[in-house]
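Okay, so here's just one chain, in structure tokens, the form predicted on its own.
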């Protein structure tokens, strides 16, 4: 099995709840799509070409300060469980990990990762640079990725058009190649039934939303990924500024919705929060969706100061460590039934909450 302890913070520093507005915003991600000039794009190139691209990118990364000690992980040489582990930690996309039943891992698929900067090589594009930060931190996340991009761009010739900008395999990424996303928890807007209005408003101003694991994932536990839709015709600064202003508005709406709930239905909210905590603390079997929804209720309680002595960091960790691959790997690799996964999930949640209660005491 892959040893994720070799990565700084296990590749999960973004979970530490240290960033701005971390009670609402779990993480900020910046992704830049790049392709090498003169190379066939990833959807049509051969296995040999992908190996050449990986060699070229790896050599360039060794001379770039943000990546000069990066760990190389060959996804095409990993079993599915390890690839799923990396995906659950938000280090790789579902596409490059080959997790869809109809897909497979392409030759030359790899991840370079150092601290909070990662580069997926031979995904849909030749390179996808990614930065993850705790909380609402668009500028800090972008600065780290931009530094890596600028230094790599001095050593690699990127496919660029003077009119259209950076060229990508998917037309929706042409231009800046920038996708910025914020993972935010919005139970107040869901409970006050204002969420549809807010999401519709975001779509009208060029933003989109997805679930916990981005494109193709469903919204569970009231966790939404808000991101820009357009990459062409605007600068990186304009895209980040627009997303930042819209997310700030959503944060304000969510905080107002929570105050309405406390004012109009305090006993209902307290009951919802403590029921969720009780089930998590003592349940012997938990499904993934049930766990996400219960964690959402408890997280709301922590945000409203209804549940003392429980850290956001512990709740953030539970979002990842209760995912299927983490639970299947917890006692070593091997076949594990769905029933056993649900039992392991409940046991891990109980242990974590018990430890938190002990620290609080």
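Numbering follows the first chain given and starts at 1. Just so you know, these numbers come straight off a predicted model, no measurement behind them.
The discussion below concerns the form predicted in complex with another copy of the chain, not included here.
Another copy of the chain in the model of the complex is approached by residue 274, whose closest heavy atom lies within 4.5 angstroms of it.
Put simply, residue 343 is close to another copy of the chain in the model of the complex: some heavy atom of it is within 4.5 Å. When contacts are judged by a 4.5 Å heavy atom cut-off, residue 206 does not count as touching another copy of the chain in the model of the complex. Remark: residue 199 does not count among the residues lining another copy of the chain in the model of the complex, judged by a heavy atom distance of 4.5 Å or less. Contact annotation: of the candidates 79, 278, 171, 233, the single residue with a non-hydrogen atom within 4.5 angstroms of another copy of the chain in the model of the complex is 278.
Of the residues 71, 212, 99, 283, just one reaches another copy of the chain in the model of the complex with a heavy atom at 4.5 Å or closer; this is 283. Here the chain stands alone, but in the model of the complex its contact with another copy of the chain, taken as any heavy atom within 4.5 Å, falls in 264-272 among 264-272, 246-254, 145-153, 162-170.
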